[in-house]
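Listed next as structure tokens is one chain, alone, in the form predicted on its own.
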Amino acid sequence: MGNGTGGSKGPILVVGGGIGGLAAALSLSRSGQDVVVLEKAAQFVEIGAGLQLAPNATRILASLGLMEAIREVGVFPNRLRLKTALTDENLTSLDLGEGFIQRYGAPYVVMHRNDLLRILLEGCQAQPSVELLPGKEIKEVENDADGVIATCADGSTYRGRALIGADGLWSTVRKRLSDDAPVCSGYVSYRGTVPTERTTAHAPLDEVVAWIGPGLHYVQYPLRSGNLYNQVAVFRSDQYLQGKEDWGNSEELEEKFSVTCEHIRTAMPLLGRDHRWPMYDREPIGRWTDGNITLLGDAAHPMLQYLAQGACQAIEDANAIGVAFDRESGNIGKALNVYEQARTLRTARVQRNARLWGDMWHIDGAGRLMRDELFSRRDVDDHSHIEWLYGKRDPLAASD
């Protein structure tokens, strides 16, 4: 039976070695815990391309000592911009410069998902109290008198004082707490990167730009110090609504975006077509904890990407659970309860707002005209819709 690095008290087991799981391992190790990370895949890798990190996440990454490494590979854009997908008109923007950084205490960063995972992995590898075990697919987790037991597909078992399920959208650990299923939005995403010099049409290289339109949107921004360019195309699939099995295919992608502005149509030939991502979330649940087992990241609160907060909220979770174990030293039950109370209401708000922003981005008809009018009239210094999300807060505050 595996014992990890836990000594007489046993370690904290983290199921899942993605961004949330590794951030949790690093946060817990810095609060004095021994941690064993059990990752299903044979290697610690991230699938996907670009990732946006708002100040609510970058403040935490800075506190974990990772900002220097992030600066080497990240891009620090000067502006977020919304435009119309049909006509390429400007709607509104958000300045991310010095005033923004001073306001929120940290910058806005865009980077490759694999780069962030590598930085977190190296951070964990530098901690003697963190043991990283790939190739460990979890089949069962259970509470016992001494804490928790995790049983893997290869027959190995691991004991710990507590277990954190950070195993993503299709979480095995979540099944202990809820019999719900992921909710398909009927939208599908195509995304990928190309060398910046090869891009046929790109936005200003100091901006993150989203073109929004009826049932679709397109996003562009630079990665890896500006050497790579990230593109994302998202659309609502009529074929999904018709119940077709091969919904959201590349032919439907071309058809949907044929009505968009020249900039998007010029950029699209370099968009990757080899993989598509159907977009799912789940309904919020009020209870994440069963005994000494709890949830984190997408296992707890998978969300649609319209606020660019999936990874950010997982990083907030990781910070909160590290702080909870630090403040409630020796009392696992209290630490998990404090963590759950701090995170469930906030993440539910982010999940619901992500859905709302998706509806707003994709509305048509009179609603689209009203949205465009409201966005175009917005004062560029208005932070009223994001202060609650990006602003500094106690990581264990029970509500916003």
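Sequential numbering from 1, following the sequence displayed. From a predicted model like this one, the values you see are computed outputs, not experimental measurements.
Absent from the display: the form predicted in complex with a small molecule. The rest refers to it.
A.B. asks: In the model of the complex, does Gly297 come within 4.5 Å of the small molecule, counting heavy atoms only?
C.D. replies: Yes - in the model of the complex, heavy atoms of Gly297 and the small molecule come within 4.5 Å of each other.
A.B. asks: Although the partner isn't part of this model, could you tell me whether Thr289 comes within 4.5 Å of the small molecule in the model of the complex, counting any heavy atom of the residue?
C.D. replies: Thr289 lies outside the contact set for the small molecule.
A.B. asks: Answer with yes or no whether Leu26 is in contact with the small molecule in the model of the complex, where contact means some heavy atom within 4.5 Å.
C.D. replies: No.
A.B. asks: Answer for Val35 alone: is it within 4.5 Å of the small molecule in the model of the complex, judged on heavy atom distances?
C.D. replies: Taking the distances in the model of the complex, the answer for Val35 is no, it never comes within 4.5 Å of the small molecule.
A.B. asks: Among 136 to 144, 263 to 271, 324 to 332, 178 to 186, which stretch has residues whose heavy atoms lie within 4.5 Å of the small molecule in the model of the complex?
C.D. replies: It is the stretch 136 to 144.
A.B. asks: Pick from Val75, Cys312, Leu216, Ala162: which residue has any heavy atom within 4.5 angstroms of the small molecule in the model of the complex?
C.D. replies: Selected residue: Cys312.
A.B. asks: Counting non-hydrogen atoms within 4.5 angstroms of the small molecule in the model of the complex, say which of Leu51, Ile60, Val350, Val338 makes the cut.
C.D. replies: It is Leu51.
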